[in-house]
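Before any questions on how it binds or moves, here is one chain, the form predicted alone, in structure tokens.
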């Protein structure tokens, strides 16, 4: 059964503003960039990976065993998630002897996590 369209989601009067439509189209990201963006959000949209990212946001840098302990996630799952996140450029790794420490890749990832959380808090009325 198709979802019903609410009156807020539909045009009350069907009139297209060609200048605004063209302006919007001109600003749309290219298909390749959209594919990369959706992949980024898909990777960050997993609960277990999001938990790892927020642990790194708070701690700054952690190894696999610390991340596993902090998030209650098995080390094998942490390793797999970190491999995906590192390949996507969301986290980075730093080797110190035999240890590998992970952190968020850059300030943009931090900002995305902070803004997303702030947006949720704002939508809920400032919990």
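Please read all numbers here as calculations on a predicted model, not as lab measurements. Residue numbers count along the first chain shown, from 1.
This next part talks about the form predicted together with a further copy of the same chain, which is not shown.
a further copy of the same chain is not shown here, and in the model of the complex it never comes within 4.5 Å of any heavy atom of residue 96. Contact between residue 42 and a further copy of the same chain in the model of the complex is found at the 4.5 Å heavy atom cutoff. Contact check for residue 84: no non-hydrogen atom falls within 4.5 Å of a further copy of the same chain in the model of the complex. Put simply, residue 80 is far from a further copy of the same chain in the model of the complex: not one heavy atom of it is within 4.5 Å. Using a 4.5 Å cut-off on any heavy atom, the residues of 46-63 that reach a further copy of the same chain in the model of the complex are, in sequence order, 46, 47, 50, 51, 54, 55, 58, 59, 61, 62, 63.
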